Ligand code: NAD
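One chain follows as structure tokens, the form predicted on its own.
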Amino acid sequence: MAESFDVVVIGGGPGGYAAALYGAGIGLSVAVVEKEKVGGTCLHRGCIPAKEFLETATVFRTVAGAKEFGVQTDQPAVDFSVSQARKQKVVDQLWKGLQGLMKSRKITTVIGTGTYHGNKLVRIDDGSELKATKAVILASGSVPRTIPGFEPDGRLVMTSDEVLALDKLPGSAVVIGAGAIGCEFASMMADLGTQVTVLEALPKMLPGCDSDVVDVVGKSFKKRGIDVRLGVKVEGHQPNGSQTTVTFGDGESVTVDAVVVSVGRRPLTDDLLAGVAKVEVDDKGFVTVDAKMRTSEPGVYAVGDLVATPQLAHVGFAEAIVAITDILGEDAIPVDYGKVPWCIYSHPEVAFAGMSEQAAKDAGIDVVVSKHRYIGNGRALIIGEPEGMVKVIARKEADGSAGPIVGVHMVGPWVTEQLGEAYLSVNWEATPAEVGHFIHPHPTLSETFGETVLALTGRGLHG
């Protein structure tokens, strides 16, 4: 006989464990079915491991440039196996802490692959069954996409999964894809000594980012020797011993030690649905949901990478809260996907919320724009990171003044840690006149955001 819970969650990644923690915290009985370890891709093969390696690159750059600060050091070298071990230590600490937190909230964790069979029944691959009395939440996540001719072998061709398990970086690499993941890997590897070529089919790096921000990243990559080729299609690769030759564009080729395929992720619906389940899946494999994360089958919800929304861990958190709130019969406020915060941890970092200047214009919004560069920021000069800028986009009022802020785009030092007030400004539809009252401590990097906003009032201090 199936064991009963108020809510059964398939998948223990950010969307799944957030739903479990939020629901259990309110008093629901919750079971989570997870085939590996709670934490999902984000914790074990994504966000956390990638950022640990990017931090290794940051430390390497800092030591290499120490002489500029009067600190005498030898030229640094990298033992990537040590960074790999440190990464695993961080991951283990986090997942064990998460596991302990779930246990303290009396969440039942079932190890195995869960399949939804309809009528709120989840069957585990060991033959056991779980029955939900209120709802089932599908949160099985995603896996890296591949492209024909570049099937991962873990040696010459890799996805993010294999790269994050390396003990030694390749001497040279092609990164296919110049989105967030591709740019993070390209940045990290180049800083640590890999000769990197980036191949992107689109005419622009970092799609979705403001063009001014992308220009800063592109110039930084070029200065650091990263060869970025835009508007080129990869044709295939020919292995030759320990290397492989990648052909692309109009008969061009490059021979490298490894190929990193970073062309996005696909929803993991393998073995997810069976029996009389009536959950609708679109032609791209995403589970179809409404604004409150409800699928086509009553009592069944889907959150995270499984649905066609931004594939960000924090979006999964937000969707989980929406789903649980709706399950409780309360008024769930849908996620406003056009205003979610985005962070890219390449060097330089990128962070934004809301519309780019071009997106606003494409939407028929008349805008006013303010830009300030970190070269004029005292803290940026002190830490030796003057590269970058803050750009604020506001709706233009009939009298020409700046109305509600519709987008903030940042590139430069630690901008992923500075996005909070920008995100609040965009989501509260605050005006520059309102945000201009914020006092920013001096000297801080955050002053650049304050100055950029203040300039839109027509009374900037330094602009």
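Owing to the predicted nature of the structure, the values given are computational and were not obtained by experimental measurement. Quick note: we count residues from 1 along the sequence shown, nothing fancier.
Below, we refer to the form predicted together with the ligand, which is not included among the displayed structures.
For the chain shown alone, Ala201 is a contact residue for the ligand in the predicted bound form, at least one non-hydrogen atom being within 4.5 angstroms. When the ligand is considered in the predicted bound form, Lys37 lies well away from it, no heavy atom lying within 4.5 Å. Among residues of the shown chain, Lys339 is not one whose heavy atoms approach the ligand to within 4.5 Å in the predicted bound form. Of the heavy atoms in Tyr374, none are within 4.5 Å of the ligand in the predicted bound form.
Proximity to the ligand in the predicted bound form, taken as a non-hydrogen atom within 4.5 angstroms, holds for one residue of Thr159, Thr295, Thr244, Gln311, which is Gln311. With the partner omitted here, the residue from Val213, Val315, Ile344, Val322 that has a non-hydrogen atom within 4.5 angstroms of the ligand in the predicted bound form is Ile344. Contact with the ligand in the predicted bound form, judged as any non-hydrogen atom within 4.5 angstroms, is confined among 252-260, 377-385, 201-209, 89-97 to 201-209. Each of Gly177, Glu184 and Arg265 places at least one heavy atom within 4.5 Å of the ligand in the predicted bound form. Residues from 125-157 that approach the ligand in the predicted bound form with a non-hydrogen atom within 4.5 Å are limited to Ile147.
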